[in-house]
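Listed next as structure tokens is one chain, alone, in the form predicted on its own.
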Amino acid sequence: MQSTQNTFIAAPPKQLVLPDGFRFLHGQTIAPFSITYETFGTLNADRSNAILVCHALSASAHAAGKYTDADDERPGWWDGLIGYGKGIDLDRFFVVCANIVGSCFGTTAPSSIDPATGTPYGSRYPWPTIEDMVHAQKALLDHLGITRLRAVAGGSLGGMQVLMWCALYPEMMDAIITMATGAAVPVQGIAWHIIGRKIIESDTHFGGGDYYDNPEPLRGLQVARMVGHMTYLSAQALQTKFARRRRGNTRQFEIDSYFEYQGKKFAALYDANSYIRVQAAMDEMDLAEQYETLEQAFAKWRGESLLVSFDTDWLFPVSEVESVEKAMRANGTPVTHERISSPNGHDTFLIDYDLITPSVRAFLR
């Protein structure tokens, strides 16, 4: 955790309420609909210094800073990259981060109360898509009066949103920054995701998605998170951190103890309906399939692109980023692909700021 001296005090979250509701790609509308967002830094007079940051599955709009100066408060999820004097420098840029559609951290979600019934939406909440996430972000930017972005940035699911921005609103930003992502989740990632979702759905307390009268965290969500966590680590990280070591004098492996801790911590904060929906949205996105080819998906994108891949990433291997790079180059689009070596796998974009900051800082310069 960073010390208070290395971060800043962030403004509290804000909400945009859409009284007429939000229409999902698959046809359903929820009204009213709220979008929770945070902003960091100062928007300049001509509104030309805004960067939209897109978050990954388990994160929120709280991308940077702390709400108080308490030593035990954790800063935002990308605080190592966003801040004054950091890679995304708040002395220069105004950063916006919106909680994605389907997430349980403020934006109207399955756990939100349906005003028509007085109960959570639960199983009746629509299955969102990456397009829905991007359209909601666009609605927020319209509300803020931002018509052009200096950049859109994100990693993992956040990076998938960035690539969808290139397909849907290619003329709205000057540049993009993606890390540990691709135009579609590879089949091995989909397989792990499906296993995790089936574990949740087979939990007897899940009740088809209507479980909110049960105060206990779902064991299915805890175990699904353990499965998902495997895709974020690397073989090298597993060996270095845990190997075959046991916990104390017990027969329990250290990796078992670690997964139990991570699963229980996650399930205490996150919602199972959000988890299966947001993850399914990742799996559904396939720009090559949706636009016939990746070149067609990026046909109108002419800005500058910084693509960052990590050699130990199981979820989005370097080859997935190379496919995006190849398609953009075929269209004559300027692309920088930084291939970074790290033992930390998919999570490198959330850990190794000393590795990712120089590329981001140079790119935005």
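Since this is a predicted model, take the numbers as computed values, not measurements. Start at 1 and count along the sequence shown; that's the residue number.
Unshown form predicted together with another copy of the chain; subsequent notes refer to it.
Heavy atoms of every residue among Val185, Lys198 and Asp286 are located within 4.5 Å of another copy of the chain in the model of the complex.
With the partner omitted here, the residue from Phe242, Tyr84, Phe105, Tyr291 that has a non-hydrogen atom within 4.5 angstroms of another copy of the chain in the model of the complex is Phe242.
With the partner removed from view, the residue among Met172, Leu168, Ile255, Leu144 that has a non-hydrogen atom within 4.5 Å of another copy of the chain in the model of the complex turns out to be Ile255. Here the chain stands alone, but in the model of the complex its contact with another copy of the chain, taken as any heavy atom within 4.5 Å, falls in 234-242 among 234-242, 146-154, 88-96, 131-139.
In the model of the complex, another copy of the chain stays beyond 4.5 Å of every heavy atom belonging to Tyr67. Mapping the unseen interface onto this chain, Ser202 counts among the residues with a heavy atom inside 4.5 Å of another copy of the chain in the model of the complex. Of the heavy atoms in Met226, some are within 4.5 Å of another copy of the chain in the model of the complex. When another copy of the chain is considered in the model of the complex, Phe259 lines it closely, a heavy atom lying within 4.5 Å.
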